[in-house]
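This document contains two forms of one protein chain, each encoded as structure tokens and listed individually as structure 1 and structure 2.
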Structure 1
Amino acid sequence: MNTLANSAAVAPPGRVQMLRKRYFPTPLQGLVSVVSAGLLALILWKLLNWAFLSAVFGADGSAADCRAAGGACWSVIANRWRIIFFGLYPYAEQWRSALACVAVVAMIVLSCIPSFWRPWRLAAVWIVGTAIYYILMKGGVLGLRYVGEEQWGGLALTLFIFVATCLIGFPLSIVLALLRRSNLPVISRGTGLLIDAVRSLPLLAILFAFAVVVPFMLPGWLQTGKLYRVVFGAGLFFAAYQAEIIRGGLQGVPRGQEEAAMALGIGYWHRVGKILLPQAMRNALPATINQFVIGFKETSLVIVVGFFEILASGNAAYGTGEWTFAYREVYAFIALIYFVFTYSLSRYGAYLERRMAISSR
């Protein structure tokens, strides 16, 4: 009987007792908990009522109906979604822009499948996917009407800038990280100076420089379109930050592994490709995924140099006299698009971390 009594005395507290101890330890803290819960419930109810209960849906809803309802006007999305997704792209050719977006998403999804994690397979996927995107968007071949880069816009342009920035920036970051570790002081210090110079400048300054200043510094035959110059500037900015991330991953690899490989007579490129970089990328994976997320969100900055990406398209979607009041709904919809892409990237990064942790056991 005494044993049963003792076990009952030391039994873990119930859920109610734990909640009471956590949120109502004193009368004052209990009052704060109640007031906070009431405010949170009120905010959630207001948001629910605005976004759903009193909202106007469907393309048949007019601006007058939205003003009368008093809730969210999702009809602006139903009526103006083409501008948000395709921007200035010609109306009759917008199916090409849609297929180009699908091609980019498919390319990214295939790159995330482990069976494609081979250098040549990844290269083939990205080369083919980028070529399909470019042909669809620009045209001029296969009977497709030519559409200049100045007419690209919306989600398709945002995806192009992100993919092109990664294609330029990630390989360049590996080169910069390796050069920074060079045994030759001229190369290592020169690379470090370049990286620090790029990192010391805000991205907006770099975009302006490549959009406006660089054409005055290059001969005519070297000048490209403004879009490609801006993309290269964004790729350089991405590479400078990613190079430091990779260098930190390389420093996390035990020095003895490289020394053992050198003792076995393994060449430099095999040491880097087979021993150092795989472990460095594993060490740098969380920061690398974070850099990709930042890179996707920073595509919105090209609006200041005159490109009609998805944020600028959103501004145009509600910029007419009829829908000027519905800017909240447009920005909420664009924020949802950003959230879907960035959250997918972060979840994929978490999956990679779990996979690599299992394989390293």
Structure 2
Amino acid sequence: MNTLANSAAVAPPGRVQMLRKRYFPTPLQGLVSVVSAGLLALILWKLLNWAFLSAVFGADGSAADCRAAGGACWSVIANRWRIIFFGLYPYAEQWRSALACVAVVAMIVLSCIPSFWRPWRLAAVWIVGTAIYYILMKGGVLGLRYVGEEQWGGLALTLFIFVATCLIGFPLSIVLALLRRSNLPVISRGTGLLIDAVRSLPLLAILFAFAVVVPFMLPGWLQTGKLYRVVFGAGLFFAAYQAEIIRGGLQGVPRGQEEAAMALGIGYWHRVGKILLPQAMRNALPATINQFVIGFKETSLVIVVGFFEILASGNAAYGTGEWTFAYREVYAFIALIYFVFTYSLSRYGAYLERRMAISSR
């Protein structure tokens, strides 16, 4: 032990020594390294073998081929991708559904660019993006054939639910956060009660209530399609969580900021809009992005109240006829789609957090 330390002090440590110090500092650590490396290799090999080496690709692969191969059967995706992406949307019109998805993804990417972080620009991007989606999907104008909401499905419906949830939930969360921090006791307590009540319930229960119970409670002139009610419920749930995040952000703004604005004679709405919210949103940004990630994952719950979103269409993709054995491939494919969305969003959030940590120094 001593000689090793001495030689390391004299000569700069070589490559082997560096590796040794990194992975084999003690016998126990060495064992841990070996076991971990073995486990990693095993997982990697199994995955590689299953997904690529022994897999059957292409639309021509039949169920029988797949059973023989022993690996993943990607033929099910090649044959059924349309139902996973577009659900029951009319076959001839599915290009519209695809374009609508592209529009939504472009809108989400645009709103991640800091130069778009002005209230009006963000609002414009989201309203235009959603309008394009809506016109493309629903049709009935511009010579597009009318397609009712009950025929929407797959990834396109999942994206719609996410976007609509955000469009309702985000502005609502700001309103709730402002009401919550009002200095009028009735308003702040009442809003606090509402937020806590919504947060204490499972989202599934809220979706169920909006799908099944709320129609009884609405007067005739407010009756809308089930999709919009459920989206509103999801938006309310999102808003209750996001409102607490924004409230945290507002609490992070020093009291002096509002006082300075008051002393300059700036009125309530300008104080909120120009001084408090910009700073609060900056404080709350990492948690907000995390909330969007959660919101995206939770769109999958609408399957329970009977919507044909991507998970339901995935069940349908393998659930019929010859492909009933291929559930792994279909779920892996859908998981991959979710993973791409949520992982890139959360990495982006982590990047923003690092960037802000540096700039605040």
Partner chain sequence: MADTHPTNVPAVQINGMNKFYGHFHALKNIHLTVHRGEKVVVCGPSGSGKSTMIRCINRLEEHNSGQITVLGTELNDDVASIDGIRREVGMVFQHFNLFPHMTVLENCVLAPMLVRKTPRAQAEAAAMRYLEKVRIPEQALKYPGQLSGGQQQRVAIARSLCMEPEILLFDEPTSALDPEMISEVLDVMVHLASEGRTMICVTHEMGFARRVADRVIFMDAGEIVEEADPETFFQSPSSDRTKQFLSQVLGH
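Heads up, when I say rigid core I mean the largest set of C-alphas that superpose within 1.5 Å between the two forms. By convention here, residues take numbers in order along the sequence of structure 1, the first being 1. Source: prediction; values computed, not measured.
Student: Given that just one of these two is the form predicted in complex with its partner chain, which number is it?
Tutor: Only structure 2 fits here, because that chain is the form predicted in complex with its partner chain.
Student: So with the core overlaid, does the Cα of Ile337 end up 2 Å or more away between the two structures?
Tutor: No: Ile337 shifts by under 2 Å between the two structures.
Student: Core superposed first: is there a CA shift of 2 Å or greater at Ala68 between the two structures?
Tutor: No, shifts by less than 2 Å.
Student: Has the Cα of Leu122 moved 2 Å or more between the two structures, judged after a core fit?
Tutor: Yes; that C-alpha moves by at least 2 Å between the two structures.
Student: Keeping the rigid core fixed, work out how far the Cα of Tyr23 travels between the two structures, to one decimal in Å.
Tutor: C-alpha shift for Tyr23: 4.1 Å.
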